[in-house]
Ligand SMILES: N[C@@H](CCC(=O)N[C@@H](CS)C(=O)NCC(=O)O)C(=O)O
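Next comes just one chain, in C-alpha cells: the form predicted on its own.
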C-alpha cells in the first residue's frame, strides 16, 4: 500500500502535526505533500489531490482518500491498535476527550494560534481563554492521576498526540500552568517525533502574517 499525507505548513498547522504524528506512531512509511496554507488556490490544490473539503490533513492510501484527523485516526486504528487504549471503556473516554479538543477550546485556538517557532508574551488572557486553559488542566491532571503513568491512558497514543499542539501553544505564548501539566507537556515536547516536527517548522520560509502579528 502506498501512503501519502497531505499537510499544511508545519509551523502553523496543528491538525497536520497530529496526522503526521499519527503516521509516525503507526510506524508507516509515507510520502509528505505539503501545501502552503492561506495562499491563492491552496484549497483547490488540496481538493485536486482528493481532500474533498480543501482542508488539511488528508491521507491517500492508494486510490482511497481519508480527510479529517479523527477519520484518519479511526482508519489507522483498524490495523494499528496502539492508537487507542485497549480497554473498551477507556477507549470511549479517550475518544470523548479527542472529540472535545477537536470541536472545542475555540477561545484558546483563536487567541493563541499555533506558531511553533515564535515566542510571544500575552498582554492579557481573557476569561474565555482562561476557561479553556482550566479545562485542559482538568483533563490532563485527571487522566494522569488515573493512569499513574507518564501518559494519559497508560501508553503514548492518539489522545496524547491531540495535546501536542496545545503544548506548543503554551510554550509559544508562555502560558503558566500547573506543575503536573507543565511536566506532561515537557515530556510531550521531548519526544523525538515531536522534536523533529518542531525542527522542521524552524526551517520553513513561509510566514502567515495573521499568525505572526499578534
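Only a predicted model underlies this, so the values are computations on that prediction, with no experimental measurement involved. Positions refer to the first chain, counted from 1.
One more form of this protein exists, namely the form predicted together with the named molecule; it is left out here, but the text below deals with it.
Visitor: Looking at 185-193, 56-64, 148-156, 25-33, which one sits within 4.5 Å of the named molecule in the predicted bound form if you count heavy atoms only?
Guide: Contact criterion met by 56-64 only.
Visitor: Looking at the partner-bound form in the predicted bound form, is residue 102 within 4.5 Å of the named molecule by any heavy atom?
Guide: Although the named molecule is absent here, residue 102 would touch it in the predicted bound form, with heavy atoms inside 4.5 Å.
Visitor: Against the named molecule in the predicted bound form, would residue 11 count as a contact residue? Criterion: heavy atoms within 4.5 Å.
Guide: Residue 11: no contact with the named molecule in the predicted bound form.
Visitor: At 4.5 Å between heavy atoms, is residue 45 in contact with the named molecule in the predicted bound form?
Guide: No - in the predicted bound form, heavy atoms of residue 45 and the named molecule never come within 4.5 Å of each other.
Visitor: Considering only heavy atoms, tell me if residue 69 and the named molecule come within 4.5 Å of each other in the predicted bound form.
Guide: The answer is yes: residue 69 has a heavy atom within 4.5 Å of the named molecule.
Visitor: Out of 181, 167, 37, 175, which one falls within 4.5 Å of the named molecule in the predicted bound form, going by heavy atoms?
Guide: None of the others qualify; the residue that does is 37.
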